[in-house]
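In the block that follows, a single chain appears as structure tokens, in the form predicted alone.
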């Protein structure tokens, strides 16, 4: 049972990590907590749903997923990034507000995103038209019940996270992003075009959120509130890892996801707390960690 819950935690963590990185990136560059981030994930999920409905018939498959799903995933990433950039240009960029003001504006935008999705798709849950798979036979003797779709989520998330690491550490754009996150004023006087870096941050952050939303729809189901319902866990992961730290967000997302899914173990050792309290347990652990490390596990460094 432990291995099965750990495997489920790894899959769920992959989705949390993608959402956490985007939220942390935007916070470190734009300097406010974007409450519309969860609904940006929902935009990615529903864009993937529509795209998969159009191209789902493409031949071939990888890890039980048709090629059409990966095309739909790319569309979800692209549209989530596009919506974020348009929002930045039309709304945030023109406002002379501090971080609290922008945070409140982002709450309003989250409601708008969600309302538009609900108008188009109703409040009912739906799923991709992908056949559910049986657990992988080779892992059943170990008590692990994961499907090829779960493996695809973990592998895809690992590829995206690795790509972001390479970008941040070995590209000119990544170095400028880290410089701007450390000291935006110094970056500006050093000749870095901070407006362009900020725009790329929105693209990357929202793109990863779109991917997380598409995988969340594959992991469970699609509803207009799916991203919002996950947002508090994503915030917990970012705070636990260290606000503004991308690598801290990765670690925080992994820990929060695993803790969330392993909550049923508590009842096995005589503590009567069920899975319905999983989110609360994750927050309790976050608070305990912050009592000893107020800046989170990784501090504030990007």
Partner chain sequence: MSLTTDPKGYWTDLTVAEKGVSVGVVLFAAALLFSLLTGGLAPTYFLYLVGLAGMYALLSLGLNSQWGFSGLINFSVAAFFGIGAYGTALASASGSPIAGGLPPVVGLLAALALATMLALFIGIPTLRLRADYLAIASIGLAEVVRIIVRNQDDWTNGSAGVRGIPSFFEGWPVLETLPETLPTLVFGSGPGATVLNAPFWQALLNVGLVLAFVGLCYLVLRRAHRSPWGRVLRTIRSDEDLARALGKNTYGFKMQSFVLGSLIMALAGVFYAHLNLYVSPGDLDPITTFYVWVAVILGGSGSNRGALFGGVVIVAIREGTRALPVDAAPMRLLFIGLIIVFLMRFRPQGVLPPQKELIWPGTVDETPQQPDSGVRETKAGEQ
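Residue numbers count along the first chain shown, from 1. Only the largest set of C-alpha atoms that superpose within 1.5 Å between the two forms is called the rigid core. All of these numbers come straight from a predicted model, not from anything done at the bench.
Omitted here: the form predicted in complex with the partner chain. The next part is about that form.
Using a 4.5 Å heavy atom cutoff, none of 73, 166 and 198 lies near the partner chain in the model of the complex. With the partner chain left out of view, the stretch that reaches within 4.5 Å of it through heavy atoms in the model of the complex is, among 147 to 155, 174 to 182, 89 to 97, 204 to 212, 89 to 97. Contact check for residue 277: a heavy atom falls within 4.5 Å of the partner chain in the model of the complex. When contacts are judged by a 4.5 Å heavy atom cut-off, residue 101 counts as touching the partner chain in the model of the complex.
In the model of the complex, the partner chain sits within 4.5 Å of a heavy atom belonging to residue 111. Using a 4.5 angstroms threshold between heavy atoms, residue 136 stays clear of the partner chain in the model of the complex.
For the options 258, 239, 49, 250, the residue carrying a heavy atom within 4.5 angstroms of the partner chain in the model of the complex is 239.
Checked against the partner chain in the model of the complex, the candidates 33, 65, 29, 262 yield a single residue with a heavy atom inside 4.5 Å, and that residue is 33. Contact residues in stretch 272 to 290 (any heavy atom within 4.5 Å of the partner chain, taken in the model of the complex) are 276, 277, 279, 280, 283, 284, 286, 287, 290. Annotation: Cα of residue 286 displaced by at least 2 Å between the shown form and the other one, core superposition.
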